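Each of two forms of one protein chain follows alone as structure tokens, named structure 1 and structure 2.
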Structure 1
Amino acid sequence: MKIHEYQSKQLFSEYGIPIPRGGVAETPESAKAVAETLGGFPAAVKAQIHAGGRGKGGGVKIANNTEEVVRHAEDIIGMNLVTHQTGPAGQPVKRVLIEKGLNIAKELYLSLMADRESAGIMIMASEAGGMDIETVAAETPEKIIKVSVNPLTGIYPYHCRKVAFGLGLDKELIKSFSRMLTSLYRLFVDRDCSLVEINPLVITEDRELCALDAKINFDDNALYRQKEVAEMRDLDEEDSLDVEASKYNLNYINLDGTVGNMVNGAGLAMAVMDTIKLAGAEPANFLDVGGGATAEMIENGFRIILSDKKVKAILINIFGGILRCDVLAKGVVEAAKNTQIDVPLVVRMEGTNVEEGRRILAESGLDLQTAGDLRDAGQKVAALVAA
């Protein structure tokens, strides 16, 4: 789960991580009220959406007085902001963050993330702050510092010193930097984060550290114990079909293709999407109904897939282990009765009660094709969407 920059900074403040003075506003009038509390200018007016690259899209503007804050707020609130992360459709802006400007001497990059390779928490830092870290990694990987922390033992001062020395920080800043990094680590663990990022982390001309930007992602599977975090969820920032699927414990991600997919198992779903692309078509979604799917879940999965008007055909690929093939077949037939499945289906199933499942589908009267293996399924569904 993602949250807005202003929400991330609220959490930063709780953990003693320095942030600029500022506040959030949903109207030009409230933006003016925030500006009057800053104690000076210039100030930044920043669109609040779940995407990076806001400045390049016109979502971040500098104001030199209260009147300019109001004017920028009028321009940004309500705009449809398009960045490299929103895609061409863009994202509507409903609020802005207004912050007092800083006298910046240097910009750095700092983040913590879950690292599957080391089964630890990876600290990443770079002197190339303010830039896309992907670009830095691709063009100048030597500028990226990586320090792995074992979550069983936690962060130690030597971890902080290693990062600080790698960034070339002056001796006078190492102590405050270590406090900040330790607090970020504590926030990461306490709140079940998957990513905490500051880009840029700035050193001011007064030799102070400040998080000029903030980004936090959380582990969705831990939200049941993170009630305060869960309340920060902004459903307007998420794909409506993704939100609908989450109500039924379906793992769904909306994509841009024309082939709808229903699969049990995330790894199998990835293999199916690869197969579709190899056959010359494009997947319209990632949908994992899970090993314990019920007929109701399958029906809801169909309904969500079919609500995507781009879908021209659906590929069902099920391994009957926990989810028996006859249960799946009954779910498909029941779904067909309760929803208008007006696109052709390709079904490939193997496993427990597969013959019974195939019999149920064959006698259902549905517009479907059966496939012998995954390659056959991909080729058949690709032919259907190309027709």
Structure 2
Amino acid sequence: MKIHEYQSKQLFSEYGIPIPRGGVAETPESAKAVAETLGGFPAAVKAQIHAGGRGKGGGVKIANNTEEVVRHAEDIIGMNLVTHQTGPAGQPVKRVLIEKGLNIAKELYLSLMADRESAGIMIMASEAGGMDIETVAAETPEKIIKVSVNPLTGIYPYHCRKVAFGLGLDKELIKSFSRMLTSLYRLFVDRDCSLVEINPLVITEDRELCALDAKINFDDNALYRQKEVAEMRDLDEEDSLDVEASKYNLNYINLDGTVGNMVNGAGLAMAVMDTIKLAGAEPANFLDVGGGATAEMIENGFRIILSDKKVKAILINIFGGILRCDVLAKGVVEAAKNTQIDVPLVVRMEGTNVEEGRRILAESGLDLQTAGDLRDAGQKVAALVAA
């Protein structure tokens, strides 16, 4: 789960991690009120959306007085911001973060992330602050400092020193940097983060550290024990169909093609998308209804797929095994009737009583074809959307 920059900075604040002076505003009037508390200019007015690349898209502007803050707020709030991460449709901006400018002496990069290789929390830092870290990693990997922390022991001063020395910080800054890094680590563990990123982390001319930007992602699996975090979710930032699917506990991702598909199991669902593509068509979605695949899940799956108007045909692939295909077939027929399905359907199922299942499908009166195997299924559905 992702949150906004201003929410990330609120969390930073709770943990004593320095952030610029400022506040969030949903209207130009409240932007004015925030501007009057800054105690000086220039100030940055920053669009609050989850996607990156806001500056280039015109979502970050500099103001030299309160009037300019209000004007920028008027321009940005309500705009449809298009960045390389939002896609061409863009994302409407609901609020701005207004922050007092800093006298920047140096910009650094700092992040913590859950690292699968070391099964630890990986601290990454670089002197190339403000740049895209993936570009730095590709072009000058030697400029990135990496330190993995064992979650059983937690962070120790030597971890911090190692990062600080790597960044070439002097003795005085090492102290404040270590304090900040330790707090970030605590935040990461307390709140079940998967990523905490500060880019750039600024050293001011007064030799103080300050998080100019802030990005936090959370582990979805841990949200059950992070109620406060879960409340920060902004559903407007997510695809409406994805949100709808998550209410039914379905794993759904909307894509650009025309073949709706429903599969039990994530790996098989990906492979079915690939099969559709190999057969010459494009998948309209990823949808995993879970390894078990009950009739109720299938009905919900139909509802989600059918609300996507791009869909011209649907492929269902259920590898039951333990599930009985006759029960499954009845579920598919029932679900199709309940949802008044209006596009052709190809069903491939495997498991106990598969012949009986196919008979039930054939006699259902639905616009439906059964497929003998996966390849057959892909070809049949591709032929349907090509017609």
Partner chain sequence: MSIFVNADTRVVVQGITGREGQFHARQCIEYGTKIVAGSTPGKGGQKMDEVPVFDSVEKAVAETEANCSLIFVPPPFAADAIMEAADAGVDLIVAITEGIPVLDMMRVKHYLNTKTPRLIGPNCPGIITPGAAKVGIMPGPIHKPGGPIGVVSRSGTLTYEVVYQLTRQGIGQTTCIGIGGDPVNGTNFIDCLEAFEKDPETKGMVMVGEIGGSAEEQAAEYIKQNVSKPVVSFIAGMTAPPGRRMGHAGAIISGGAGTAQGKVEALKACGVHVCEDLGRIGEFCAKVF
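By convention here, residues take numbers in order along the sequence of structure 1, the first being 1. Just so we're clear, the structure is a prediction, and the values are computed from it rather than from any experiment. If you superpose the two forms and keep the largest set of C-alpha atoms that fall within 1.5 Å, you have the rigid core.
Form assignment for the chain places structure 2 as the one matching the criterion, namely the form predicted together with the partner chain. Taking the rigid core as fixed, one finds a CA shift for Leu328 of 2 Å or more between the two structures. In a rigid-core overlay of the protein, Ser30 has its C-alpha displaced by under 2 Å between the two structures.
Fitting the two forms on the rigid core leaves the C-alpha of Leu345 displaced by at least 2 angstroms between the two structures. CA movement of Ala362 between the two structures equals 3.3 Å, with the two forms superposed on the rigid core. CA movement of Asp376 between the two structures equals 4.1 Å, with the two forms superposed on the rigid core.
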